[in-house]
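Encoded as structure tokens, the following chain is the form predicted on its own, with no partner shown.
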């Protein structure tokens, strides 16, 4: 099976970007293939379409399942295991954010909180201030992510569209309430 040029371009780009999302290039390509394919695919099809080894596909599918981004889907009269993306693009994006929060933000918050308790950190005011700033920023990001993950996709779209208007409101606030 060959990919048409548009799908090939998209799959390659997802692979390039996937390092920023928390997984490797091949896993990103596999996710793109499953997102943009209407029908579920089995491991042999994925291997053939992406020209990667069956073992690499198997490892990538396990990783995508651990991120809860794909699911198995039975295909009538076929004993092979087929896979499809777990929801629409909004649900997948939210799942990536949730998983990155668990894998990156939560451990960093734990480490910073622990370090803030250390006598060495408390004695050095510069380090203490920088850790406190980092902790406060990450706690705000964490709280925002926790609140956003409970929103419906339409609410998230509205929130994202408000971004430019919020900036304008903040500029007006600064203009009218200049610091003395």
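Positions refer to the first chain, counted from 1. It should be emphasised that the depicted structure is a prediction, and the values quoted were computed from it without experimental measurement.
One more form of this protein, predicted in complex with a further copy of the same chain, exists but is not displayed; see below.
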Legend entry - Contact of residue 73 with a further copy of the same chain in the model of the complex (heavy atom, 4.5 Å): no
Quick check on residue 25: any heavy atom within 4.5 Å of a further copy of the same chain in the model of the complex? no
Exercise: residue 80 in contact with a further copy of the same chain in the model of the complex, heavy atom 4.5 Å: no
Original post:
Closest heavy atom of residue 3 to a further copy of the same chain in the model of the complex, within 4.5 Å or not?
Top reply: no
Original post:
Among 45, 54 and 66, does every residue place a heavy atom within 4.5 Å of a further copy of the same chain in the model of the complex?
Top reply: no
When a further copy of the same chain is considered in the model of the complex, the residues of 142-158 having a heavy atom within 4.5 Å of it are 143, 144, 147, 148, 151, 155, 157, 158
